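So this first bit is one chain, no partners, the form predicted alone, shown in structure tokens.
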Amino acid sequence: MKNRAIVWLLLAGFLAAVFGLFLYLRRPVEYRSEQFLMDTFVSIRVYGRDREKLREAVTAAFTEMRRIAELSNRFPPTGTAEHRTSDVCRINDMAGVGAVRVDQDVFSMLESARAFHDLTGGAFDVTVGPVMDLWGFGGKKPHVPKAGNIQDALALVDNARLILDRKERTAFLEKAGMSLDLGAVAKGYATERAVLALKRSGVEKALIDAGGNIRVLGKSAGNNPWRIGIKNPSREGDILAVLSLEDSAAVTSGDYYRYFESGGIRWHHIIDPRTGYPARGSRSVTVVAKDAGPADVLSTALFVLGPEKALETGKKLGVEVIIVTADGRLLYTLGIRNRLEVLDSARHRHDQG
């Protein structure tokens, strides 16, 4: 009996070791890479069984993102190959002159942007280029423009004068001096194109972090929802809340990403296209949606609208919204409450609408 018990114990130990080895060999392999794109570091982390296939998938995803970045870049110097590659540069160069045939992805971005202009009451407008140029956020020396210059630039901001021809796939800015700025469109769109590239390569688990744009594919390596931190705009490195995310996007626009201080005032890059000045009322707005493209656009538009109007508009458009207000409150739509862990140190309330 004693010998039989020992045999059974040895057999159980052997089977446990085999099972453990089986689980070890089937554990997901992680591959991650980082590139500087669209004025930010973009990180892609994927999981699967074959490291080489994962590397190829990430390379394909970055290729897609870079292609969208090059098509939508408005800053290359005139005469350079980069300037000629950019559809946005070509459209801006031909403002008031003629229509430009563009890549299908650029056309899709412009159609989406025009639709969101109407859905948000003009809080989003890709023809804001002349105003953005005045503030200089695209260069090394941003500054507060003169009020008169802002008013002159606002005369060139007009979504209705962006003419799109779907049949010919052309875009035309009707007035000379007008210019497009796809800064609040292209990153989310490019992120979603990267996800499509990963899916085509068979990737089922991934996380893309594009500087405030988070897009997850499937669940995490441990088959749990991904946990995404919501930053405290007032304290670097501090987290106000943690969001559980699965197969969707969480995109944040905040006044702490790009700003300068002048006259004791923080001047940030999220410009209200209706006034020509940085939007006030919120410190950050996070939009949670299935697609990173609309989430990117809406994070900017809802920031411009201000907290209460943002919550109302988010609900109408079927997305979840998390807002840190200028006075430090944490607001969020009711649909996100079961996926949001608010840390004890945060002052908060949720929308009751």
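It should be emphasised that the depicted structure is a prediction, and the values quoted were computed from it without experimental measurement. Just count from 1 along the sequence shown to find any residue number.
Below, we turn to the form predicted together with a small molecule, even though it does not appear here.
The small molecule in the predicted complex comes within 4.5 Å of a heavy atom belonging to Val304. Under a 4.5 angstroms non-hydrogen atom cutoff, the small molecule in the predicted complex has Ile271 among its neighbouring residues. Residue contact check for Tyr257: one or more of its heavy atoms lie within 4.5 Å of the small molecule in the predicted complex. By the criterion of a heavy atom within 4.5 Å, Ser253 is counted among the residues contacting the small molecule in the predicted complex. Only one segment in the set 116-124, 88-96, 145-153, 227-235 has residues whose heavy atoms sit within 4.5 Å of the small molecule in the predicted complex; it is 116-124. Only one of the listed residues (Ala184, Val106, Ile208, Leu173) places a non-hydrogen atom within 4.5 angstroms of the small molecule in the predicted complex, and that residue is Ala184.
Residue Val128 is the only one of Val128, Val203, Ile214, Leu240 with a heavy atom lying within 4.5 Å of the small molecule in the predicted complex.
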